[in-house]
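Okay, so here's just one chain, in structure tokens, the form predicted alone.
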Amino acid sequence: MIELLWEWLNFAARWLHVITGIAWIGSSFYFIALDLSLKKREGLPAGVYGDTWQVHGGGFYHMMKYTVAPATMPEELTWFKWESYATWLSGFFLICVLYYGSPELFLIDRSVADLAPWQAIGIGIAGLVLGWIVYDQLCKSPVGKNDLVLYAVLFVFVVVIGWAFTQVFSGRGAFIHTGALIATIMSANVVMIIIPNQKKVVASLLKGETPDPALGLQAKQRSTHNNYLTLPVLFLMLSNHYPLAYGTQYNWIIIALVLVMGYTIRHFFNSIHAGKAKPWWTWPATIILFIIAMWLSQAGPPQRGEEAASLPNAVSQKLVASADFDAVRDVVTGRCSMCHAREPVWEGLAHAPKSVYLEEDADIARHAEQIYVQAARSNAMPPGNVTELEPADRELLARWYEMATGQPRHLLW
């Protein structure tokens, strides 16, 4: 019962996260494009930097931007902030449900670092908090006064953090936490810098004062960072479905390549929005970088020590000691391990799906909950039932898991 409720909670959190992410990314991309399309013209109201005409949905829109702020506070003002807040909150909730709820499955790789669950969770959360603090201080330091130098320093900073995560987490956990760090930086930019600065401008207007132009410049710098970080964070969040991206010994270099690809793609579109010459070179450059990432992905897994052979906990030990385990092992190794192996034999598979291995007794016990949800209580696995898992086999897997874990079948079935 708990496992299936947890699975649906995971699905609901992911759904919410995607919805709010679309809303945030859409508004972010739109306003960057709007800002870059502004043109200075004669006859504009005092204080207006530029304007632009746009058409959408059968209507015409006349957009203007003030260099700092209008002379008086408008009666109505729309704030764009909840998309960012909801995206980060739903994303962090999703990490808690999936990675912190099952750290031994998705976050910890004992061949990388033999961490206790609380240690892995603590490192993950500390990395997000400290990552934001370092980023924020870099932006506020003298380095932040030169955008190009700041970009270079931040690139190195994110790559180093990504590399550090690969030294303590599974490849999947490292990629997700690198993406989560970038997403935390982006959302914190909104809640800690952009919105507070806008509120200070509004407060100055209400007092009849002239707002400080530096507030808008600082907010724009952080907004631009968010624009260039969006595509890399999307890649890293989607990577958990593609082990080839994170399962290689050069996974941290792939992180670096993705950061550069995100920059080249956004540079192309930002240049178009600004009315500049189209930098066509960005597309062959991006394709070359992507091919390099593909090449690195087949370089083999990280050279680590042997994976810990011990069973992760008492429940896993009970699963292996079950009277049904010999039969369960035969079903799993006969119907699942041709794909879920360290060296898959199924044609076309270079890496086990989601890095789930089902070869050894400890593997089967470690992933028992996934076997139960995906193969016993649903027909999600094997895909299309290509290995012809029989109904009796699924019943065996369900009975084995429920008896060993004390799941009260009658509450759900």
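What you see is a predicted model; the values in this text were computed from it and never measured. A residue's number is simply how far along the shown sequence it sits, counting from 1. Take the two forms, superpose them, and find the largest set of C-alpha atoms that agree within 1.5 Å; that set is the rigid core.
Absent from the display: the form predicted together with a small molecule. The rest refers to it.
The partner is absent here, but in the predicted complex a heavy atom of Leu358, alone among Ile32, Leu358, Leu38, Ala69, sits within 4.5 Å of the small molecule. Scanning Leu289, Leu115, Leu105, Ile123 against the small molecule in the predicted complex with a 4.5 Å heavy atom cut-off leaves one residue, Leu105. Using a 4.5 angstroms threshold between heavy atoms, Ala375 counts as touching the small molecule in the predicted complex. Contact check for Val386: a non-hydrogen atom falls within 4.5 Å of the small molecule in the predicted complex. At a distance threshold of 4.5 angstroms between non-hydrogen atoms, Met381 is in contact with the small molecule in the predicted complex. At the 4.5 Å threshold, heavy atoms of Arg172 reach the small molecule in the predicted complex. Annotated contacts: Arg335, His340 and Ile371 all touch the small molecule in the predicted complex [non-hydrogen atom within 4.5 angstroms].
Residue heavy atoms within 4.5 Å of the small molecule in the predicted complex occur in exactly one stretch of 52-60, 22-30, 39-47, 340-348, and that stretch is 340-348. Positional change of Val386 between the shown form and the other one reaches 2 Å or more at the C-alpha, relative to the superposed core. After superposing the rigid core, the Cα of Asp363 is displaced by 2 Å or more between the shown form and the other one. Annotation for Ser28: C-alpha shift under 2 angstroms between the shown form and the other one, rigid core superposed.
Note: the CA-CA distance for Ala245 and Gln374 contracts in the predicted complex relative to this form, by 3 angstroms or more. A shift of at least 3 angstroms pushes the Cα atoms of Asp363 and Ile125 further from each other in the predicted complex than in the displayed structure.
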